[in-house]
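Heads up, the chain below is alone and in the form predicted on its own; it's given as structure tokens.
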Amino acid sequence: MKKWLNVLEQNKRLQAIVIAVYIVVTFISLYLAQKSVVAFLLLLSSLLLLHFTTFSHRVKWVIGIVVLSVLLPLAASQGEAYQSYMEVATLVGIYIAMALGLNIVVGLAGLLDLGFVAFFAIGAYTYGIFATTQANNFMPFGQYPLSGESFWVFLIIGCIVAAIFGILLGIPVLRVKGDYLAIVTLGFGEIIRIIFNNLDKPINITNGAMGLASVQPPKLFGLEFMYPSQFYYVVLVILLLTIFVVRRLEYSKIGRAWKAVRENEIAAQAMGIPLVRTKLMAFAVGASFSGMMGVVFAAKQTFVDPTSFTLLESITILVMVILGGMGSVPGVILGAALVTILNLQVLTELTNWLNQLSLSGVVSIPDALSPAKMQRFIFGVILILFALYRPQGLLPAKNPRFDEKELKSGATNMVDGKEGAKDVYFNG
């Protein structure tokens, strides 16, 4: 087996054949099986196989975009479960973007944040208030709700507002580290939720616990976005942009500064890294992605209320980052996708299947141990197993490797080039 894997690793043509055959087989399986969760998951797992190939990054991006934008929607569109598939895929994209934002704060900068869902709520309410009649209660000018065309502007507004609140959170916690930082951020998340829950008096801004209903759906060139299959492409574009930005930031000057602060703040400060600006940048950038997805969530659900932004959501996003591998972009993507699909599809389907067996008399399950009540337990056991056997995450972060010989030869060539330039200058 190892010999075959070594041959496969060294032969790009063989890798291309295996990936192509796998994608075609899973595509046909999902296309013919109109309601098959297994086929849907197998087609999605082709992206994981693609990650382990030795293709160039450009080739991986092209194949991944083709699978997500063309093959997956086309294969899933042949049955009644089309919209449910797209609903799951859309929520997976939303959670991946939020997990990538939290990965900047926790994975790269090493700042434990337990109130990250607050920025998601800020983005959702930023759009929800102005996309409903709620804004008429306190805005002295303008007519509300705003039209669906404003959604595209609010993507940027939600991003900026969440980033501002990220900076406001970062300022008072700059001197706090470790467990105390976690407690402060947890309190921030709960404060934001409670404010939204009680901001219905003396001026009714958020409509309190009743939430905001009938949020205007997005519009583009007269086309109204109402179905998960339409929001899927909106989320896909934002997600691809998020991944691109995060990857660029990871190996940039600010990304290296975040890693230095994570490893040792004193050493980083001694090397000239401004701690205040670096930490605030991490909070702002991480919050901006969450705020943007909050706007998408509000438009997709057409309803926003404080119960969607509890502490459990923050913990779930943190679990995605830890499960995938802190500081690893591919790991966080895998962790977020795995947790979301487990919660929304796998455990739900397992629960429904066991319920049917129980109702038909094949299996007798006590009411206290019914699958509907054991979903969180099953999910917790799975996480414990992963934590025991993969403590660094499913795809741990890897630092780029450099060939010492190439670096030395490059440095020698630079020195020789400078010496040659000097000779030409002085002899000329």
Partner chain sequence: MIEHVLQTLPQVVIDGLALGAVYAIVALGYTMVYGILELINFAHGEIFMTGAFVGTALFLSFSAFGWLSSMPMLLSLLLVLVATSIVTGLLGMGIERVAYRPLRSAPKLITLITAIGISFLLQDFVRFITELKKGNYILTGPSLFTGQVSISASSIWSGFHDASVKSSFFIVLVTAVVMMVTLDFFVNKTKWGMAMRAVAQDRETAALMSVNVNKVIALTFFIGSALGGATGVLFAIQYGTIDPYIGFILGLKAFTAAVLGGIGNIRGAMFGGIVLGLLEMFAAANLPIISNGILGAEYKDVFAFSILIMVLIFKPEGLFGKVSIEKV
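Positions refer to the first chain, counted from 1. All figures in this text were calculated on a predicted structure; none of them were measured in a lab.
The form predicted in complex with its partner chain is left out here; the points below concern that form.
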Open item on the list: Please tell me which of 42, 59, 387, 49 lies within 4.5 Å of its partner chain in the predicted bound form, judged by heavy atoms.
Closed with: 387
Open item on the list: Using a 4.5 Å heavy atom cut-off, which residue among 153, 237, 276, 266 comes into contact with its partner chain in the predicted bound form?
Closed with: 266
- [ ] Go through 217-225, 178-186, 278-286, 338-346 and give me the stretch that gets within 4.5 Å of its partner chain in the predicted bound form, heavy atoms only.
- [x] 178-186
Open item on the list: Can you tell me if residue 201 lies within 4.5 angstroms of its partner chain in the predicted bound form, counting non-hydrogen atoms only?
Closed with: yes
Task: residue 246: touches its partner chain in the predicted bound form, heavy atom cutoff 4.5 angstroms - done: no
Task: its partner chain contact in the predicted bound form: residue 366, any heavy atom under 4.5 Å - done: yes
Open item on the list: Given that its partner chain is not shown alongside this chain, does residue 110 nevertheless sit within 4.5 Å of it in the predicted bound form, heavy atom to heavy atom?
Closed with: yes
TODO: Determine the residues of 317-342 with a heavy atom within 4.5 Å of its partner chain in the predicted bound form and present them in sequence order; the list may be empty.
DONE: 318, 322, 326
Open item on the list: What direction does the residue 382-residue 115 Cα distance move in the predicted bound form compared with the shown chain, closer or farther, given a change of 3 Å or more?
Closed with: closer
Task: Distance trend in the predicted bound form - C-alpha atoms of residue 382 and residue 189, change of 3 Å or more - done: closer
